[in-house]
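Just one chain is shown here, as structure tokens, and it is the form predicted alone.
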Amino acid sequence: MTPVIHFLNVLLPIIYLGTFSVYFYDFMKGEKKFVNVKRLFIFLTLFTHLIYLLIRTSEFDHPPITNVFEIFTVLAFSITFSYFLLELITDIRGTGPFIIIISLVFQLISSLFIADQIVVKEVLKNNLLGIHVVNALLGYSGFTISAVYGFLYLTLYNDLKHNRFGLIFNRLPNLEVLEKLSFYSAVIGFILLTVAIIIGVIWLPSAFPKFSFLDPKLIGTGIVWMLYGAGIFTKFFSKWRGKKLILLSITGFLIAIFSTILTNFLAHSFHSFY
């Protein structure tokens, strides 16, 4: 590992912790003076992380997708970027600590255990594969954020039902806004996963001799994609609102987690090339 990569690898968990701390402090205190500071922190975190990923890609001549700990750092970036995009779209900034803590955990694990992958299979050096994987991770990051907002929605819903008006009630947006944030996150995830699927359908058959549309990972991804697509369709064209839509989003996320575990550890897939 070169000195620059090593330095950034050590620095990233620190700046993620700093960003989380600013968001968490603001959430606890509710002081408006940190509104712009938070956005500056998260922008600098994403910029530093992007530089790290680009340098790592250039140094080792492959996208950072060759082992689980490289995937973790890309996932940390993806979750933070998806949240930042959502924050820009909605200008709602009070829910950051619930999202950034997830990125912090992924990046900390990555920084502790990541190794240099200099000799890798040729297919892992293909930039199209990198774009395919990154879009898929961004898609699942959107679903993760959607589920977090779903859990926050249910927490606030339960507090209101039992007439509890504490910190959660005072700091979180109202139920309507949380539902909107969950839905927007799901839409972002769905669009990005769609891009990943399109790239996969066009390019993967020529890249993998054992490619099959009956591959367990493709089937699992297809089920998740159809479930979220159905949820988005339901939101626009039916009367499903509120708790029903939130439960559908959380169900989709749990199925996505179950599918990922099942296809990565219990089923044989042409995707298993690490």
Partner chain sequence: MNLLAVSINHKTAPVKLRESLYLSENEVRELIKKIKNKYFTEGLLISTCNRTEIYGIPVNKDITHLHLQKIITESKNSTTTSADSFQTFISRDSLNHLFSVIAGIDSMLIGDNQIFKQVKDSFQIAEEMQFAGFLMRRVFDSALKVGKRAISETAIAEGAVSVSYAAVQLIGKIFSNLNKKSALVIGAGETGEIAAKHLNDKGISHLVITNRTTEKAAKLAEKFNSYVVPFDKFKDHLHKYDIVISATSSESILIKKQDVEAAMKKRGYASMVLMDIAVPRDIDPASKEINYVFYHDIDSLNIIVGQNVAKRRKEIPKVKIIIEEELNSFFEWYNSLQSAPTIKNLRDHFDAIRAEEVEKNINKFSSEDREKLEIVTKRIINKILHHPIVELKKTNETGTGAEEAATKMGIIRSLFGIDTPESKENKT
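Residue numbers count along the first chain shown, from 1. Here, rigid core means the biggest group of C-alpha atoms that superpose within 1.5 Å across both forms. Remember, predicted model here, so these are calculated numbers, not experimental data.
A second form of this protein, the form predicted together with the partner chain, is not displayed here; the remarks below concern that form.
Considering L175, L108, I131, I197, which brings a non-hydrogen atom within 4.5 Å of the partner chain in the predicted complex?
Going through each option in turn, the one that passes is L175.
Here the chain is shown alone; which of A147, A136, L156, L86 has a heavy atom within 4.5 Å of the partner chain in the predicted complex?
Contact check passes for L156.
Pick from 182-190, 139-147, 96-104, 159-167: which stretch has non-hydrogen atoms within 4.5 Å of the partner chain in the predicted complex?
Answer to the contact question: 159-167.
Counting only non-hydrogen atoms and a 4.5 angstroms cut-off, does R39 reach the partner chain in the predicted complex?
The answer is no: R39 has no heavy atom within 4.5 Å of the partner chain.
Can G242 be called a contact residue for the partner chain in the predicted complex at 4.5 Å between heavy atoms?
Residue-level check for G242: yes, a contact with the partner chain.
Counting only heavy atoms, which residues in 45-76 are within 4.5 Å of the partner chain in the predicted complex?
Nothing in this stretch is in contact.
Answer yes if the Cα of F106 shifts by 2 angstroms or more between this form and the one not shown on a rigid-core superposition, and no otherwise.
F106: C-alpha displaced by less than 2 Å between this form and the one not shown.
Is F81 displaced by at least 2 Å at its C-alpha between this form and the one not shown when the rigid core is overlaid?
No, its C-alpha moves less than 2 Å.
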